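Before any questions on binding or motion, here is one chain by itself as structure tokens, the form predicted alone.
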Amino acid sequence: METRVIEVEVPGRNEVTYREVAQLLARGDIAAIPTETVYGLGADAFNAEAVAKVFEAKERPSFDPLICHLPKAAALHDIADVPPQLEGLVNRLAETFWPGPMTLVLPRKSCVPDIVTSGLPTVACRVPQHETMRGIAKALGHPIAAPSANRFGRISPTSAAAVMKELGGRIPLIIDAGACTEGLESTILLPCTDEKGKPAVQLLREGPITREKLRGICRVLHNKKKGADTTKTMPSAPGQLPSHYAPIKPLLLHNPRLPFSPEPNVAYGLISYQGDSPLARQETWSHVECLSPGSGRLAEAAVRLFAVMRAMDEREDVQVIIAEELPETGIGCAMMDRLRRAAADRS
């Protein structure tokens, strides 16, 4: 299969392109579409056969559910039933963070095919900030079911070039709108009630909408264990698998203040936060990539994380990747979540 690439301007007047892509999706095909977080591999969420093509192209297991991307917040009620006791909370979250990188897991309506939700009684929904995904969903008239546009378990793509390396020849179309502005997948929340019966959210996946931002809206409940859930149970929402976002090469986490003891005859590459840590100053590394050179800005590091992981994975002079542990505050929590999953045992 030949993979075609269409470039769009963002922001810009791209309605003709949106209609063209929507027509392709309406025919039951799939396309890689940019969002502000990562590029997604999209299909008409109401077309089970089309969604099956997404799973096939990605080699994604059928037990891992997808996120439905909506053109506007009002479309949430087309696919989800919001419990009355949570309606106020859901409305506040939507008004505050949509369009944006927040996904809500809510009871599904019967119109959503089982393949989208992996047979779960809930559906994951978000309104992306990126006008391209919203514009195509609006032109289609249906939600777009879209996981990240990469082979299952691999590093999420934040550019059209990365999508081409992952899925070129497997999908018919990539929409190129440049680099993603957030660089990490959306925060996933399960609206619920706490032990006192008050509205709260269960934090299922860390992301750009941080705990600090959420605490301004409601109580945030999350797992006591840091990082990936290492249980072997099937995921209850997207983004729950213990090993994910991973390069082909082994990746290990290391404290940047402690020395690293290399094994003989192994070429190591280092992903450093700023490039000035004691670890980065070791004469051990075949190559060093910095996430936020010199400035130490977590937001910049988050945008660069997947691109830097991919660049290191592609280097011929690196056999094993060492990644510095990052400050677990704000977006740093989401970055460490991704790095822990990338470093998880994939055997």
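In this text, all values refer to a predicted model and were calculated from it rather than measured experimentally. Residue positions are given as counts along the sequence shown, with the first one as 1.
Below: the form predicted together with ligand TXA, not depicted.
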Is residue 76 close enough to touch ligand TXA in the predicted complex, meaning at least one heavy atom pair within 4.5 Å?
-> no
Close approach of residue 205 to ligand TXA in the predicted complex, 4.5 Å, heavy atom = yes
Contact label in the predicted complex: residue 120 to ligand TXA, heavy atom within 4.5 Å = yes
Find out whether any non-hydrogen atom of residue 64 is located within 4.5 angstroms of ligand TXA in the predicted complex, and reply yes or no.
-> yes
Among 121-129, 164-172, 80-88, 212-220, the region lying within 4.5 Å of ligand TXA in the predicted complex by heavy atom distance = 121-129
Here the chain is shown alone; which of 155, 201, 136, 146 has a heavy atom within 4.5 Å of ligand TXA in the predicted complex?
-> 146
Given that ligand TXA is left out here, which of 70, 30, 38, 305 has a heavy atom within 4.5 Å of it in the predicted complex?
-> 38
Is ligand TXA in the predicted complex near all of 60, 188 and 237, within 4.5 Å of a heavy atom of each?
-> yes
